[in-house]
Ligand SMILES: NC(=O)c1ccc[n+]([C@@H]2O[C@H](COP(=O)([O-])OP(=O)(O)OC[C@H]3O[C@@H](n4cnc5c(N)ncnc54)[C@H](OP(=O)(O)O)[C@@H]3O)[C@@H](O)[C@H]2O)c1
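This document opens with one chain alone, in C-alpha coordinates, the form predicted alone.
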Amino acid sequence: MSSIAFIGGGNMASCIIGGMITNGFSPDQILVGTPSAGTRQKLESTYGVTTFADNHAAAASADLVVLAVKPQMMHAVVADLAPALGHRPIVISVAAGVPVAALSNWLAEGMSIVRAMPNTPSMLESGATGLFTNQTLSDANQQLVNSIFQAVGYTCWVDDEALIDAVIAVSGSGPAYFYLVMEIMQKIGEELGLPSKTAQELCQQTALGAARMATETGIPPCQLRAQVTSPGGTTHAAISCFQEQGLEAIFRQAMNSAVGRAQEMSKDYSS
(Lines give C-alpha, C1' and ligand atoms only; values in the text may rest on other atoms or scores of the structure.)
Protein backbone atom coordinates (compact mmCIF):
# COMPACT_ATOMS: atom_id res chain seq x y z
CA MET A 1 0.00 0.00 0.00
CA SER A 2 1.61 3.25 -1.16
CA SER A 3 1.96 6.10 1.32
CA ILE A 4 1.22 9.66 0.22
CA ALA A 5 2.47 12.72 2.07
CA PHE A 6 0.91 16.14 1.63
CA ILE A 7 3.11 19.11 2.44
CA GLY A 8 0.55 21.75 3.30
CA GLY A 9 -2.93 21.13 4.62
CA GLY A 10 -4.93 23.99 3.13
CA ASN A 11 -8.12 23.95 1.07
CA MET A 12 -6.75 22.17 -1.99
CA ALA A 13 -4.92 19.51 0.04
CA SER A 14 -8.00 18.99 2.19
CA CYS A 15 -10.34 18.56 -0.76
CA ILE A 16 -7.98 16.10 -2.48
CA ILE A 17 -7.62 14.10 0.74
CA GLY A 18 -11.39 14.05 1.19
CA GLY A 19 -11.89 12.81 -2.36
CA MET A 20 -9.23 10.15 -1.95
CA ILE A 21 -10.82 8.72 1.18
CA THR A 22 -14.28 8.81 -0.40
CA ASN A 23 -12.87 6.85 -3.34
CA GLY A 24 -11.20 4.03 -1.44
CA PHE A 25 -7.89 5.31 -0.11
CA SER A 26 -7.19 4.38 3.49
CA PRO A 27 -6.49 7.16 6.00
CA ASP A 28 -3.47 5.08 7.01
CA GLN A 29 -1.93 5.83 3.60
CA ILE A 30 -2.10 9.60 4.02
CA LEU A 31 0.36 11.77 5.93
CA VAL A 32 0.18 15.55 6.19
CA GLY A 33 2.84 18.04 7.20
CA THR A 34 1.60 21.47 8.27
CA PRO A 35 2.74 23.88 10.99
CA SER A 36 -0.82 24.85 11.91
CA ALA A 37 -2.07 22.98 14.99
CA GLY A 38 -5.65 23.87 14.10
CA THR A 39 -5.28 22.45 10.61
CA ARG A 40 -3.70 19.26 11.93
CA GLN A 41 -6.54 18.77 14.41
CA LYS A 42 -9.18 19.37 11.73
CA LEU A 43 -7.59 16.92 9.27
CA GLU A 44 -7.19 14.23 11.92
CA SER A 45 -10.76 14.56 13.21
CA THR A 46 -12.35 14.86 9.75
CA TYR A 47 -10.39 12.26 7.79
CA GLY A 48 -8.46 10.20 10.34
CA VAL A 49 -5.12 10.88 8.62
CA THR A 50 -1.78 11.20 10.39
CA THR A 51 -0.39 14.72 10.67
CA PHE A 52 2.96 16.22 11.59
CA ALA A 53 4.18 19.68 12.51
CA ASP A 54 7.48 18.74 10.84
CA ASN A 55 7.42 18.34 7.04
CA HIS A 56 10.48 16.08 7.21
CA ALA A 57 8.64 13.59 9.40
CA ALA A 58 5.66 13.55 7.03
CA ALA A 59 7.75 12.97 3.91
CA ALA A 60 10.56 10.80 5.25
CA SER A 61 9.19 7.44 4.07
CA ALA A 62 6.39 8.45 1.69
CA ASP A 63 6.23 6.90 -1.77
CA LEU A 64 4.72 10.07 -3.16
CA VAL A 65 4.95 13.65 -1.88
CA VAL A 66 2.35 16.27 -2.85
CA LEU A 67 3.58 19.84 -2.54
CA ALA A 68 0.37 21.72 -1.72
CA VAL A 69 1.78 25.11 -0.73
CA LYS A 70 1.41 28.54 -2.31
CA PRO A 71 3.81 29.37 -5.19
CA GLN A 72 5.55 32.11 -3.23
CA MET A 73 6.30 29.63 -0.44
CA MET A 74 7.46 26.81 -2.68
CA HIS A 75 11.20 27.56 -2.86
CA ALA A 76 11.65 27.84 0.90
CA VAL A 77 9.51 24.76 1.61
CA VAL A 78 11.21 22.57 -1.00
CA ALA A 79 14.74 23.69 -0.12
CA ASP A 80 14.05 22.77 3.51
CA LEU A 81 12.36 19.48 2.58
CA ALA A 82 14.93 18.21 0.07
CA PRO A 83 17.21 16.48 2.63
CA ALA A 84 14.24 14.32 3.71
CA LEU A 85 13.69 13.01 0.16
CA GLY A 86 16.79 10.86 -0.18
CA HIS A 87 14.56 7.84 -0.78
CA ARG A 88 13.52 9.57 -4.04
CA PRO A 89 9.73 9.55 -3.92
CA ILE A 90 7.62 10.89 -6.77
CA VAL A 91 7.07 14.60 -6.13
CA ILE A 92 3.85 16.32 -7.25
CA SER A 93 3.43 20.09 -7.24
CA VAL A 94 -0.03 21.67 -7.41
CA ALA A 95 1.34 25.24 -7.44
CA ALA A 96 0.60 27.33 -10.51
CA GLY A 97 3.56 28.95 -12.24
CA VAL A 98 6.37 26.90 -10.65
CA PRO A 99 8.10 25.00 -13.49
CA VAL A 100 9.65 21.56 -13.26
CA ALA A 101 13.09 23.08 -13.91
CA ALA A 102 12.86 25.13 -10.72
CA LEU A 103 11.70 22.16 -8.67
CA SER A 104 14.51 20.06 -10.15
CA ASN A 105 17.06 22.70 -9.11
CA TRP A 106 15.77 22.68 -5.55
CA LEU A 107 15.57 18.88 -5.29
CA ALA A 108 18.06 16.07 -5.91
CA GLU A 109 19.03 15.53 -9.55
CA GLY A 110 16.90 13.05 -11.47
CA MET A 111 13.83 13.15 -9.24
CA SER A 112 10.51 12.22 -10.83
CA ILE A 113 8.41 15.36 -10.70
CA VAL A 114 4.78 15.82 -11.69
CA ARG A 115 3.10 19.17 -12.18
CA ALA A 116 -0.62 19.05 -11.48
CA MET A 117 -3.08 21.85 -12.24
CA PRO A 118 -6.38 21.12 -10.46
CA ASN A 119 -9.19 23.65 -10.20
CA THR A 120 -11.51 24.69 -7.39
CA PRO A 121 -14.51 22.45 -8.31
CA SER A 122 -12.25 19.65 -7.06
CA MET A 123 -13.74 20.61 -3.69
CA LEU A 124 -17.00 19.03 -4.92
CA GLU A 125 -15.26 16.11 -6.67
CA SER A 126 -16.13 17.83 -9.96
CA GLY A 127 -12.70 19.19 -10.77
CA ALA A 128 -10.43 19.00 -13.78
CA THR A 129 -6.69 18.41 -13.45
CA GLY A 130 -3.97 18.63 -16.09
CA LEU A 131 -0.81 16.60 -15.42
CA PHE A 132 2.76 16.68 -16.75
CA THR A 133 5.81 14.70 -15.71
CA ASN A 134 9.48 15.25 -16.46
CA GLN A 135 10.16 11.51 -16.59
CA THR A 136 8.33 8.44 -17.82
CA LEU A 137 6.51 6.92 -14.88
CA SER A 138 5.86 3.22 -14.52
CA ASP A 139 2.29 2.19 -15.30
CA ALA A 140 1.69 1.59 -11.60
CA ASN A 141 3.00 5.01 -10.57
CA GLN A 142 1.10 6.80 -13.32
CA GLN A 143 -2.07 5.04 -12.21
CA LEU A 144 -1.38 6.05 -8.59
CA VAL A 145 -1.04 9.70 -9.60
CA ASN A 146 -4.17 9.41 -11.74
CA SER A 147 -6.14 7.85 -8.92
CA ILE A 148 -5.30 10.72 -6.56
CA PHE A 149 -6.68 13.38 -8.87
CA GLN A 150 -9.46 11.26 -10.38
CA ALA A 151 -10.76 11.11 -6.80
CA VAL A 152 -11.71 14.78 -7.23
CA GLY A 153 -12.73 14.78 -10.91
CA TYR A 154 -11.36 14.46 -14.44
CA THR A 155 -7.65 14.11 -15.30
CA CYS A 156 -5.59 14.44 -18.47
CA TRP A 157 -1.86 14.23 -19.21
CA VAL A 158 0.01 16.61 -21.51
CA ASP A 159 3.31 15.78 -23.23
CA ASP A 160 4.77 19.30 -23.13
CA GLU A 161 5.06 21.30 -19.90
CA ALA A 162 4.16 24.47 -21.80
CA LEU A 163 0.69 23.00 -22.27
CA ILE A 164 0.12 23.24 -18.51
CA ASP A 165 -0.26 26.98 -19.18
CA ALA A 166 -3.02 26.15 -21.65
CA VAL A 167 -4.63 23.94 -19.00
CA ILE A 168 -4.52 26.91 -16.63
CA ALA A 169 -6.21 29.12 -19.23
CA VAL A 170 -8.95 26.57 -19.97
CA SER A 171 -9.71 24.86 -16.65
CA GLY A 172 -7.51 26.31 -13.92
CA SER A 173 -8.92 29.81 -14.40
CA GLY A 174 -12.00 28.59 -16.29
CA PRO A 175 -14.46 28.36 -13.38
CA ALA A 176 -14.13 32.11 -12.88
CA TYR A 177 -15.19 32.70 -16.49
CA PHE A 178 -18.42 30.83 -15.91
CA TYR A 179 -18.99 32.60 -12.59
CA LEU A 180 -18.57 35.94 -14.36
CA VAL A 181 -21.10 34.95 -17.04
CA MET A 182 -23.54 33.82 -14.33
CA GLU A 183 -22.97 37.06 -12.41
CA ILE A 184 -23.73 39.13 -15.52
CA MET A 185 -26.77 37.04 -16.46
CA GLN A 186 -28.19 37.36 -12.96
CA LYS A 187 -27.65 41.13 -12.95
CA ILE A 188 -29.40 41.58 -16.30
CA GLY A 189 -32.18 39.19 -15.26
CA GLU A 190 -32.82 41.48 -12.30
CA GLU A 191 -32.80 44.51 -14.62
CA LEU A 192 -35.46 42.71 -16.69
CA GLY A 193 -37.64 42.45 -13.61
CA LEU A 194 -36.84 39.08 -12.05
CA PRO A 195 -36.44 38.90 -8.26
CA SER A 196 -32.75 38.55 -7.32
CA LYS A 197 -33.11 35.04 -5.86
CA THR A 198 -35.09 33.84 -8.88
CA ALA A 199 -32.54 35.27 -11.32
CA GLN A 200 -29.70 33.65 -9.37
CA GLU A 201 -31.35 30.24 -9.21
CA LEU A 202 -32.31 30.33 -12.90
CA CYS A 203 -28.69 31.12 -13.84
CA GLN A 204 -27.28 28.41 -11.60
CA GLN A 205 -29.66 25.71 -12.78
CA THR A 206 -29.22 26.69 -16.42
CA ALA A 207 -25.42 26.47 -16.09
CA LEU A 208 -25.69 23.11 -14.32
CA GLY A 209 -28.12 21.75 -16.89
CA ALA A 210 -26.02 22.93 -19.83
CA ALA A 211 -22.88 21.36 -18.34
CA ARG A 212 -24.71 18.07 -17.77
CA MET A 213 -26.07 18.10 -21.32
CA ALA A 214 -22.56 18.61 -22.69
CA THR A 215 -20.94 15.93 -20.51
CA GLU A 216 -23.66 13.29 -20.35
CA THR A 217 -24.98 13.29 -23.91
CA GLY A 218 -21.60 13.35 -25.64
CA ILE A 219 -23.02 15.79 -28.20
CA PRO A 220 -20.51 18.51 -29.18
CA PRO A 221 -21.38 21.97 -27.78
CA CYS A 222 -21.75 23.40 -31.27
CA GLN A 223 -24.52 20.88 -32.00
CA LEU A 224 -26.23 21.45 -28.66
CA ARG A 225 -26.20 25.18 -29.37
CA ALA A 226 -27.68 24.60 -32.83
CA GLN A 227 -30.46 22.45 -31.34
CA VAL A 228 -31.78 25.40 -29.30
CA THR A 229 -31.05 28.14 -31.85
CA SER A 230 -34.07 28.15 -34.14
CA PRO A 231 -33.71 30.59 -37.07
CA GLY A 232 -35.46 33.83 -36.26
CA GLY A 233 -36.07 32.84 -32.64
CA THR A 234 -35.08 34.41 -29.34
CA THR A 235 -31.90 32.35 -28.89
CA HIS A 236 -30.85 33.17 -32.46
CA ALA A 237 -31.23 36.87 -31.67
CA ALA A 238 -29.03 36.55 -28.57
CA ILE A 239 -26.35 34.37 -30.20
CA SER A 240 -26.18 36.66 -33.23
CA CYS A 241 -25.57 39.60 -30.90
CA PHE A 242 -22.78 37.73 -29.10
CA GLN A 243 -21.14 36.96 -32.44
CA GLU A 244 -21.53 40.48 -33.79
CA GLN A 245 -19.97 41.90 -30.62
CA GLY A 246 -16.94 39.62 -30.96
CA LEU A 247 -17.41 37.27 -28.02
CA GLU A 248 -14.94 34.73 -29.44
CA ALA A 249 -12.27 37.40 -29.86
CA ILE A 250 -12.82 38.56 -26.27
CA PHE A 251 -12.40 35.00 -24.95
CA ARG A 252 -9.32 34.46 -27.12
CA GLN A 253 -7.68 37.61 -25.79
CA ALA A 254 -8.61 36.78 -22.20
CA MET A 255 -7.35 33.20 -22.31
CA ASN A 256 -4.12 34.24 -24.00
CA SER A 257 -3.71 36.79 -21.22
CA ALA A 258 -3.98 33.95 -18.70
CA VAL A 259 -1.31 31.99 -20.58
CA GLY A 260 0.91 35.07 -20.70
CA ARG A 261 0.62 35.61 -16.97
CA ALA A 262 1.40 31.94 -16.29
CA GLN A 263 4.52 32.27 -18.44
CA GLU A 264 5.57 35.39 -16.54
CA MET A 265 5.13 33.57 -13.24
CA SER A 266 7.30 30.71 -14.49
CA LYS A 267 10.09 33.15 -15.41
CA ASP A 268 10.13 34.38 -11.81
CA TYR A 269 11.41 30.93 -10.81
CA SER A 270 13.92 30.50 -13.64
CA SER A 271 16.91 31.75 -11.66
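Start at 1 with the first residue shown and count on from there. Fair warning: this is a prediction, and the values are worked out from it, not measured in the lab.
Omitted from view is the form predicted in complex with the named molecule, to which the following refers.
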I need the one stretch from 117-125, 146-154, 104-112, 189-197 whose residues put non-hydrogen atoms within 4.5 angstroms of the named molecule in the model of the complex.
117-125
Within 4.5 Å of the named molecule in the model of the complex, do we find a heavy atom from each of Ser36, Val69 and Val94?
yes
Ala5 near the named molecule in the model of the complex, any heavy atom under 4.5 Å?
no
Quick one: is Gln253 in contact with the named molecule in the model of the complex, heavy atoms, 4.5 Å cut-off?
no
I'd like to know if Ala82 sits close to the named molecule in the model of the complex, meaning any non-hydrogen atom pair within 4.5 angstroms.
no
Any chance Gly19 has a heavy atom within 4.5 Å of the named molecule in the model of the complex?
no
The listed residue (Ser257, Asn23, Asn11, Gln263) that reaches within 4.5 Å of the named molecule in the model of the complex by any heavy atom is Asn11
Since exactly one of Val77, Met185, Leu163, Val170 fits, which has a heavy atom within 4.5 Å of the named molecule in the model of the complex?
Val77
Residues within stretch 142-158 having a non-hydrogen atom within 4.5 Å of the named molecule in the model of the complex:
none
